[in-house]
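What follows is a single chain, given as C-alpha cells, in the form predicted alone.
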C-alpha cells in the first residue's frame, strides 16, 4: 500500500530482517513513552531533520520543501531507497547511533515490541490528534498484546490513500466499456474483449525488487468474494485469524484464471513498479490496479485519458471495498529531533498549503480534523474520481489495510514468491494461501 497501500501506497512492498517480525510476547516496550501531553514546535534555532523516504514518490519531498520554506531554520538530511530495501534496513536504522527523526513505515509491530519507535500518545493529546476521526489513527495503534488497530499510537499518516482500478479511456472505448463495470462478471467480460482485440487487459508489476503487485488485484477479489473484517483481522494479527478462508480461495482461484487467460503481461515477474506505471502511461494496458498516489503522474502522462473506479462486487449493489490506509511515518525512539518531527506531522494535516500539496501531488485525502475542507482539485483530474470513491468506501465501511502489511516479512517471504510461482504455473490458488498462511504462522511463532 504504495503507498503500497504501499503499500499502499506505496501504498506497498515489504521485507524485514529475520527474527524481527511477528506478534511476539510481553507486549510493546514502554520505556520511551511520553508521560505528559506535548505540542512542541521546531523553535528558531537551526534544526536538521534526519529522514528516510521511499524512492519514486514525490509527496514527502514536496512537503519537506514547503516546510522549510515556512520554517527556514529547519533543513533536511533525506536518504531514500526502494520500499523493499528500506524496510529491510529499518530495524538497523532505528537502532543505530543516528536514527531517523522521521521514517516511512509499512509494518510496525515488531519495531514497537523492540522499543524502536517512539510512542506518540503524548503528542496526540497535546496536538489534539485524539479528537480527529478515530479511523485515521487506528491502523497506526499497537496494543499491549502486539495486535494492531487499538492501543498506543506509534505512527501517523502523511495522507490517507485509496486503491482501485485506473483505466485508459481510449482503450476502454475501443472495447465498448462506456461506464465502469458494476460486477465482477462485467469486469471479466471487459477483460475478455480486450484480450480478443489484442489489447493487454491489465498492466502489473511482480518483480521481487518491487514486491508482488499481483497482491493488489488479489485483495480486491478477496473483498468481492467475502467480507473485509476477516482480512483486516489477519493483517492486524488478531488471535486465530487466517487468510486461508473459503472465499479467499475463490478469489485466489479467480486470479489464477486471469493469469492463465493471459490477462497480465507475460513478463510480469520481471516488471518493477516504476516500469509498470511508465508502460501504462504510454498506453500499454487497459487497466492497472494501483493507488491514488499515482494520480498526478497519470494526469500528467495521459491527460484527459485516465479514469478510476472501485473494483466492483460480485452482485450489483453490494458494498464496495478498497485498500485505504495512511501513508505511514514513524519517529525513532531515540530521535534527536522527535518534537520537531511531530510538529511536522501535525503541520502536514492542518496547514493549508500542506493539505493542498497532499491533494495535488499525493492525490489523497489529507486527513486531519473533521471540520477542515478538502482542498480544491483541478477540473478533469482523476483525483476528483478517487476522492469521490473514498467517500463511497467510508460509507460502506469497506476500508482494508494491505495484506502485505500483516508481518514484517510476509510480502518478501510469502506473497511475492508465491504470486511469482502462480505466474510461472507452479502454484494454484489454494496452494498460494496455504503457503502464505504457513509463513505467517512461522513468523508469529518466531517472534514469540
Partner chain sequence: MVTADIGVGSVAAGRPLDTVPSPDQTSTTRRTQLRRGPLRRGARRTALVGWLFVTPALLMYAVFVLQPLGLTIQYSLYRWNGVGPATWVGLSNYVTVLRDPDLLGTIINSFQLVLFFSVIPVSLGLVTASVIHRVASGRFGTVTRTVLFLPQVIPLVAAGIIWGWLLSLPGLINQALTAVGLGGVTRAWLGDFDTALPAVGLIGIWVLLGFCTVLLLAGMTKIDPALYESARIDGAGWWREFVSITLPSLRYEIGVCLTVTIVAALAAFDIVYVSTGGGPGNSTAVPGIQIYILAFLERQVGLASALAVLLMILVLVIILPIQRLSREERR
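As the structure is a prediction and not an experimental result, all values here were calculated from the model. Positions refer to the first chain, counted from 1.
Not on display, but discussed next: the form predicted in complex with its partner chain.
- No member of the trio 149, 380 and 383 reaches its partner chain in the predicted complex with any non-hydrogen atom inside 4.5 Å.
- The stretch from 365 to 373, 317 to 325, 111 to 119, 295 to 303 that comes within 4.5 Å of its partner chain in the predicted complex, counting heavy atoms only, is 111 to 119.
- Think of it this way: in the predicted complex, its partner chain has a heavy atom of just one of 269, 256, 138, 346 within 4.5 Å, and the residue is 269.
- Just one of 398, 56, 417, 390 comes within 4.5 Å of its partner chain in the predicted complex, counting any heavy atom, and that one is 417.
- The closest non-hydrogen atom of residue 249 lies beyond 4.5 Å of its partner chain in the predicted complex.
- Contact between residue 403 and its partner chain in the predicted complex is not found at the 4.5 Å heavy atom cutoff.
- Under a 4.5 angstroms non-hydrogen atom cutoff, its partner chain in the predicted complex lacks residue 431 among its neighbouring residues.
- For residue 409, a non-hydrogen atom is located within 4.5 Å of its partner chain in the predicted complex, even though that partner is not displayed.
- With contact defined as any non-hydrogen atom lying within 4.5 angstroms of its partner chain in the predicted complex, the contacting residues in 417 to 436 are 417, 420, 421, 424, 426, given in sequence order.
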